[in-house]
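Have a look below at one chain only, the form predicted on its own, in structure tokens format.
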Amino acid sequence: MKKLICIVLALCMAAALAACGGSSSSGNNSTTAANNNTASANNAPAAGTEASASGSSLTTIEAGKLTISTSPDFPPFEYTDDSGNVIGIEPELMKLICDKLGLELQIDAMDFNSALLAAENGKSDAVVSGVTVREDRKALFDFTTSYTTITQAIVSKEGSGITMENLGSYRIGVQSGTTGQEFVEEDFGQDTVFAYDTYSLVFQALNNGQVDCIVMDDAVAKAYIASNPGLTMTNTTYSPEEYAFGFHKGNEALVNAVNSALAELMADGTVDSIISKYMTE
């Protein structure tokens, strides 16, 4: 009888252990499935990341940012407002391009020569500062599509009588590194040309009588004349020039992406609208 009772007890214990084992196995499987679901959710793309996907695939000197070097004394293309923010045609265009590419725009302000050197040496992704496309610059930068055309002009005090025909008889002020400097030095020699780091300094020299006139891009000349009464502008016979953005050499993917975004802005009239807005102001 005792043997029978022992057998029954043993059978009951085995059944209980089997039941516990099944419950434990089922619980572990549920936990594993929950963990897998959590991992899958954690690895899923966050909402709103699609817009920046193209930006994350582009190589820039600082991930997620497009750094441009510029000389913000070049209205209406780039200049500072009363709060010290860099504004103008080109900063606004570059902001819209960055929005399309999922990049943050970083603007580094400096003089024009330094802006060129920054992009050339990889300290910025691009020089965006009213840069004319020239053969010598093509060896230093990868240029985007041109978005506008300008010509050189002469700025002088009203009544000076300075024209293209007698320009070489006067002291000519220019900004260092510009095509204006190149043209007048080639035509009239370096002795008649006085170069300054910024246009603010060039105009100061004109007002102080240190130079007789300034040779500069016509759109910028108009902006300076509008805020400096007593000055006048005369056209030159120099060939029209194309403005574009000069990127550090070798980043073809970035230049192509910027060109695609720029093409969209040109096709839908945005570029013309921005130029018109700042030219009017």
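In case it trips you up, residue 1 is the first one in the sequence shown, and so on. These numbers were taken from a predicted model, which means no experiment stands behind them.
Separately, the form predicted in complex with a small molecule exists; it is not shown, and the next lines address it.
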- Item | Single option in V131, V184, L103, A126 placed near the small molecule in the model of the complex, where near means a heavy atom within 4.5 Å | V131
- Message: Counting any heavy atom within 4.5 Å as contact, can you tell me which stretch out of 157 to 165, 131 to 139, 91 to 99, 200 to 208 lines the small molecule in the model of the complex?
- Response: 131 to 139
- Message: Using a 4.5 angstroms cut-off on non-hydrogen atoms, would F74 count as touching the small molecule in the model of the complex?
- Response: yes
- Item | Interface membership of F112, the small molecule in the model of the complex, 4.5 Å heavy atom rule | yes
- Message: Can you tell me whether D217 touches the small molecule? I mean in the model of the complex, with a 4.5 angstroms heavy atom cut-off.
- Response: yes
- Query: Does E241 reach the small molecule in the model of the complex, with heavy atoms at most 4.5 Å apart?
  - Reply: yes
